[in-house]
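Here's a solo chain for you in structure tokens, the form predicted alone.
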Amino acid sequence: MGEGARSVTAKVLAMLEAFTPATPDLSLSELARRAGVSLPTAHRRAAELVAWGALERGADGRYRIGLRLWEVAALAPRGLGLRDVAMPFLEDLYEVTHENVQLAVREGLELVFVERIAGRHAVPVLTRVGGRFALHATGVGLVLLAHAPVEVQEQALAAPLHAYTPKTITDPDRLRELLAAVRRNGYAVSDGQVTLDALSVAAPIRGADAAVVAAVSLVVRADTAEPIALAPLVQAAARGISRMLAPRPGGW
């Protein structure tokens, strides 16, 4: 689609989307190229975004995401609102284990990490707050996919499934079996599917209508703990968050 066929809003969104963790600051020409707009268009829209606070321009002339955009994003109820409710339970889970604790929600065919507490001596992970990841490999992703609508599951399983390690399950039939086990057991295990040295155990968080709205996980170094021993800890945190999201007499 040529630049002229896109609306002003589409061009502005493309400019914001040009920024990534690998490219957090861009020159005007880089911004124009990555967004697929002309240099004059990039100049005009960037000036408007800087004036509003969505972008900041450094002394070096390069553009970065501005704090105003972060302030608006903080209003997302599935973001910081969920994080505020979940944080005491995530902290408790961390204090008990001193391992990586993660909170995520599903966005389309991907997951978004809302919060992460990293243990100083815990296994390194490939996640960051606000980062996206495929659903089929991580513990939280498997939980979210297992409880997603059937049409979402079929879309995800029909798409190319990236193998992060030799242990990543990419066969749709095996994944369907795994998702059924997640629903049956009440938790998911991802053992070496993202990095060979990490094992994740995740559990579902339910909202007011008992639908799964998020997932919490504990990520430990592989071969240091049995998933069956970690699962009750993660499930307890998930139930606590669920109760706060949907208080009801007698609990769940």
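In this text, all values refer to a predicted model and were calculated from it rather than measured experimentally. Residue indices: 1-based, along the sequence shown.
From this point on, the text means the form predicted in complex with the DNA, which you will not see here.
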Revision key, fill the gap. Note: exactly one of Leu28, Leu69, Val50, Ala222 sits with a heavy atom within 4.5 Å of the DNA in the model of the complex, namely Leu28
Study note, to complete from the structure: The one residue among Arg34, His43, Arg183, Arg64 placing a heavy atom within 4.5 Å of the DNA in the model of the complex is His43
Practice item. Tell me the stretch among 34 to 42, 211 to 219, 198 to 206, 183 to 191 that has any heavy atom within 4.5 angstroms of the DNA in the model of the complex. Key: 34 to 42
Exercise for review: Mark Lys11 yes when one of its heavy atoms lies within 4.5 Å of a heavy atom of the DNA in the model of the complex, and no otherwise.
Suggested key: yes
